[in-house]
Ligand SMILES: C[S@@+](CC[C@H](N)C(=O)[O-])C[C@H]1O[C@@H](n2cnc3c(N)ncnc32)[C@H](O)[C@@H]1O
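Single chain ahead, written as structure tokens, the form predicted alone.
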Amino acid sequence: MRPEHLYLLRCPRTGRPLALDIVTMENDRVREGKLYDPKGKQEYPILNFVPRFVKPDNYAASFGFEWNVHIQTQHDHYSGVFLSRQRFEQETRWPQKLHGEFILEAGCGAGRFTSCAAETGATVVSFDYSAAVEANYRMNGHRENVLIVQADIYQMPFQRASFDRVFCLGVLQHTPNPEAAFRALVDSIKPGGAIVTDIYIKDWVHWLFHTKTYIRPITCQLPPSLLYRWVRRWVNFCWPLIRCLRRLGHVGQAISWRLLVADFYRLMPQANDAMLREWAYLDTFDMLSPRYDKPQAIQTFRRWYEQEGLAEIDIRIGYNGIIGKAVRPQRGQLNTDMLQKDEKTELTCAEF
């Protein structure tokens, strides 16, 4: 971390500002050291340039493994398909220039979206619960406007209501309590600030007829390294068949995924065979390894937004299931969505 980013951090237990004790500096960054609460006993190490607010062994260990194996796979400059930028821009719909603003990214993985956010010119605070922060640091740690932290979404080491924009893509369904995680994100937004989150959609037909439903309870218990070896062997074994199934269009793609091979040919038709296979290794592992996988109904997801009193709520089907966007109202400002809902309720009662 850069010493000048210290003001962005708070003790996750007390909420107080932290002090910095530097052990090793390298290229104007703190490589080793510790953060501590001057008024308490809490201490947090800085290891390999990253402040650590959680224990290294946790439920997200499989994500730490996969993103440190596939550090570059989903980065546009490596894949050449610009899928990450396309998804970030389409799902956030934020301006391309955000100088002077503060963006929080929850669940950074290897930093495919961190780089997109950083290129807006905003100060980006990016965190993950897993050791994926090390992969993200390797990809984005050189950026002067990026702070990367290993932290818990339920106890974030930041000041409440301090970010202009918050985004969380591909994460909520993999937390123990997705609704509580969402509420924690809302608490971090300034009045007038924006939030974008997504979550897998709960589709009972898809759930019943997807092989993942029945095998994931077993595979998520396996050591990540062992599961990954099996995934590679399975993908390699099935790959000739997967190429043939592409001729069947959407039907062939559905069969591929039910064979537990994540084929992105229709999404990335310009990618070469080696790149498609690399994505298949990554996403097949990602499909089978998470400890938690909790999709939600679209009505439930919308209710979360409404219960938090957010305004300009936009819930729709997106790249990864359901995408939600909203704004936290300014103090004293009514949520127009809730107001309209109340007016409709009053009209219905009057008619009755």
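What you see is a predicted model; the values in this text were computed from it and never measured. Start at 1 and count along the sequence shown; that's the residue number.
Below, we refer to the form predicted together with the named molecule, which is not included among the displayed structures.
*Asks:* How about residue 67 - does it come within 4.5 Å of the named molecule in the predicted bound form, if we only consider non-hydrogen atoms?
*Replies:* Yes, residue 67 sits close enough to the named molecule in the predicted bound form that at least one of its heavy atoms falls within 4.5 Å.
*Asks:* At 4.5 Å between heavy atoms, is residue 165 in contact with the named molecule in the predicted bound form?
*Replies:* Result no; residue 165 lies far from the named molecule in the predicted bound form.
*Asks:* Is residue 154 close enough to the named molecule in the predicted bound form to count, meaning some heavy atom within 4.5 Å?
*Replies:* Taking the distances in the predicted bound form, the answer for residue 154 is yes, it comes within 4.5 Å of the named molecule.
*Asks:* Taking the named molecule as it sits in the predicted bound form, is residue 37 near enough to touch it, meaning that at least one heavy atom pair lies within 4.5 angstroms?
*Replies:* No, no contact at 4.5 Å.
*Asks:* Just give me the single entry in 197, 140, 130, 256 that has a non-hydrogen atom within 4.5 angstroms of the named molecule in the predicted bound form.
*Replies:* By the 4.5 Å heavy-atom cutoff, the listed residue in contact is 130.
*Asks:* Check each of 169, 103, 280, 189 and return the one that places a heavy atom within 4.5 angstroms of the named molecule in the predicted bound form.
*Replies:* Contact check passes for 169.
*Asks:* Among 55-63, 308-316, 323-331, 27-35, which stretch has residues whose heavy atoms lie within 4.5 Å of the named molecule in the predicted bound form?
*Replies:* That would be stretch 55-63.
*Asks:* Does anything in 260-296 come within 4.5 Å of the named molecule in the predicted bound form by heavy atoms, and if so which residues, in order?
*Replies:* Stretch hits: a single one, 286.
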